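Before any questions on how it binds or moves, here is one chain, the form predicted on its own, in C-alpha cells.
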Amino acid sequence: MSSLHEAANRQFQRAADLIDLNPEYRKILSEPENEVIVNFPVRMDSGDLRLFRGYRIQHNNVLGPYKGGLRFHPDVDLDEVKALAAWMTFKCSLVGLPYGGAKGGVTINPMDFSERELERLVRRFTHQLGDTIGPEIDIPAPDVGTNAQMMDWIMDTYANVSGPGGRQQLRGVVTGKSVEVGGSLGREAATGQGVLYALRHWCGETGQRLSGLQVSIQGFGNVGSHFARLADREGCVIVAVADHTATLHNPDGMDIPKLFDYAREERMIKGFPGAIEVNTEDLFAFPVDAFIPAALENQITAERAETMSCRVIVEAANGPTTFDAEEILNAKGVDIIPDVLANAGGVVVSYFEWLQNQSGRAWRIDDVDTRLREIIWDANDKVVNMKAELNCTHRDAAYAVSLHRLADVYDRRGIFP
C-alpha cells in the first residue's frame, strides 16, 4: 500500500499549486517539525513485562500549540501518524483555531488488554512523553481506540509528575476528558455533530432537503454512531451501516435509537435484529444520497469507487478516500466534503474544553452547540466561496483556505533566525 503521508502531501501540494503557495512554506509543511518515538515497558496482570512502541508526531505549531488525538490500534505506525498530524494542521487552520497539528498513538489492540493493564500503559506512555506535551505545548485528545477515561488518566499522570503549583491549570494538557474532571459537554458527539452540519450545508448548496436523505454509514464507533443518531433525528433515512463485525441493510431505514443502544451494549452491530446482514462490498454499491465513511483511512478504493452510486461523500474519517478513487468519483460528479472540513467538530469542541479549563468556567450545552455550528458553518462558507473562485473541488478549496491562513501567518512572523 502506498504511503499515507505521501498521499497527504499530494493533497496539500495540489491546492498549493492552485494558489501559488510560497515554495519555502511548501517545504516547511511537507514534513513534521518533531517525531517522538518512545519504547516503554508495562507490567501485565500476569506479572510479565512487555515493551510497547508509541508515537507523538508534532507537525506544525506556527498557529499555536500542537493539537491532535492519540490512537490505539494494531496498524499504528510512523507513516500513518505523520499523515494524521499533517491533516490536523490543515484542519485547525481551516476552521480558524489557534492550534497546530499533531497526532500520536500506540501500536496495540486495546481489546486485548484488561482495564488495569490499559491504565498502566496509558500512564507509562504519558510519563515517557514527559514535557513534550503540555497545555501550551501539545494537547492530545481521544481517537480510534481511546476514550475519555484514558484522557483522565493522562491528565492525572501529567498533573502528578508536574510541580505542585498550578495543577488545576494543567487540566488543559488533554481534551476529551470526562465532564467530571474538566471535560466539555457535547465533546463526545462533537465530531458526528460537525459531520451533520457539513451535510446540512451541502444540502443548502445544492437545494436538497436534509429530511428524507438516504444515507449509508461505514463505521459505527463514536463518530458514526453519534452522526447516525443526530441525522436520524433530522429525518435522514439510514439504510445501511457497517462496523468491523458486520454490514447491515434495511431499505426502509433502520431504527437508529435501537441500533445505537444495541451497539453500546454489545460493542458491535452484528446480530442486530432490525436489518439483514449483507456483504461488505454491498455497502459501497447501495444507491443512496449520502455516503459517510466513518472508519479508517483508505477505505474508498478505486475499485469501490467504480461501484458507488451516491451524490455526496462526507468524510467523517481521516483519509478515507484514495487518490485514484477521488479521481473516479470526481469524474462521476460525486461531491466529496473532505475530512479536514467534515470531521473538524471534534477539535473545535476540544478547543472549547481547553478554553473552559483555562478560565475555570463550564459552558452550557446550548453554548457549545451554538458556537460549534457557527465555526463549522463559517468554514463551509469559506470553502464554497473558494471553490467558486478557483473552480475546483471541495477538497482543493478547503486546503486553499487553510494554506492562505498559514501563509499569512508565516508572512507576518517570518522564519527565525
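Just count from 1 along the sequence shown to find any residue number. Note that the structure is a prediction, hence the values are computed from the model and not measured.
The protein also exists as the form predicted in complex with ligand GLU; that form is not presented, and the subsequent description refers to it.
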- Only one of C236, V173, V347, M308 comes within 4.5 Å of ligand GLU in the predicted complex by heavy atoms, so just point that one out. V347
- Exactly one of D143, E326, D152, E80 comes within 4.5 Å of ligand GLU in the predicted complex through a heavy atom, and that residue is D143
- Message: Given the stretches 347-355, 57-65, 29-37, 360-368, which is the single one in contact with ligand GLU in the predicted complex, using a heavy atom cutoff of 4.5 Å?
- Response: 347-355
- Query: Can you check whether H226 is within 4.5 Å of ligand GLU in the predicted complex, heavy atom basis?
  - Reply: no
- Close approach of K177 to ligand GLU in the predicted complex, 4.5 Å, heavy atom: no
- Task: May I ask you to check whether N343 falls inside a 4.5 Å heavy atom distance of ligand GLU in the predicted complex?
- Result: yes
- Message: Although the partner isn't part of this model, could you tell me whether T89 comes within 4.5 Å of ligand GLU in the predicted complex, counting any heavy atom of the residue?
- Response: no
- Item | Check all three, K103, R187 and N318, heavy atom within 4.5 Å of ligand GLU in the predicted complex | yes
